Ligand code: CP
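To begin, one chain is listed below as structure tokens, in the form predicted on its own.
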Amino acid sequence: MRHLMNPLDFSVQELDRLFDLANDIENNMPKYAHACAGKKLATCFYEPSTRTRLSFEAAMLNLGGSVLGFSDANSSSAAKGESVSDTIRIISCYADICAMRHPKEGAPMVAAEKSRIPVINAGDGGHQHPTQTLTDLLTIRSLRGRLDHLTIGLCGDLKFGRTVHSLINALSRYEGMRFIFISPDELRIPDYITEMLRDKQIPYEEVIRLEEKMPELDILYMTRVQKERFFNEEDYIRLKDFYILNKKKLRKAPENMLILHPLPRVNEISVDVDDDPRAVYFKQAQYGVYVRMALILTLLNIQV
């Protein structure tokens, strides 16, 4: 039995096989329509989510399986004080695989240690969000044709952004990567990330202005400033509109640059960008369903 806690749990070769499967699913959906018939996915979401929870549910339903679970800690026995360890022991009696989101870092790992079914980390605090990273990697590979020799700019909340941290760790295993971190000082990338890049001799820059680096980018990964991660509202209000990507700023961007965003968007990308062919964040959400379908099949060891 295998779990997914961190994007690095899969080797680069295993990721290639996972993405090949996801692309086959994309092109041959009817082939997989009954692959998980009789199987159940439990979605245990202790924190609000739209895209991640619904994409997991859509993935399992597309595979012919069924879904059970909860979308809020207050609607589970956690409200009565039940531990994550006890919850997963119970869920293991009802389902074949579990996707768990939790505000506390490491909670899905605790669940995995006690679980009798595969557990997928669907986001734990500001720590990891591995299935979003798989989505990002699949999107880049499918639309750019490769996952190496790219310059990727990550813009916005780089301090609390679990999607950013997971993506950098995952991409650092590919050759020829270069990172440009674009953020205000208060939301700069954590030191442990830059130390890792220095240890691996992967080039990176830290800048404040988005416009000055736009012409150099193959990928622009925008993120929102997350209100729920701030300790006081004053800091959030001061920083929430620090970066707003609009058509004017895109004039300096390469024609083949891709704009990604893990969503939800607040106002960091103007709606006038949505029709730009470089804006692929809604396609990205669709790729999230394909990669979660592939992941469910892989962890359940189902061959089609």
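For every residue, the number given is its place in the sequence shown, counted from 1. Owing to the predicted nature of the structure, the values given are computational and were not obtained by experimental measurement.
One more form of this protein exists, namely the form predicted together with this ligand; it is left out here, but the text below deals with it.
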Work out which of the listed stretches, 34-42, 62-70, 256-264, 269-277, brings a heavy atom within 4.5 angstroms of this ligand in the model of the complex. 256-264
May I ask you to choose, among 223, 183, 121, 132, the residue with a heavy atom within 4.5 Å of this ligand in the model of the complex? 132
For residue 28, is any heavy atom within 4.5 Å of this ligand in the model of the complex, or not? no
So in the model of the complex, is this ligand close enough to residue 51 to count as touching (4.5 Å, heavy atoms)? yes
Please determine whether residue 101 contacts this ligand in the model of the complex, using a 4.5 Å cut-off between heavy atoms. yes
Taking this ligand in the model of the complex, which residues of 1-29 have any heavy atom within 4.5 Å of it? none
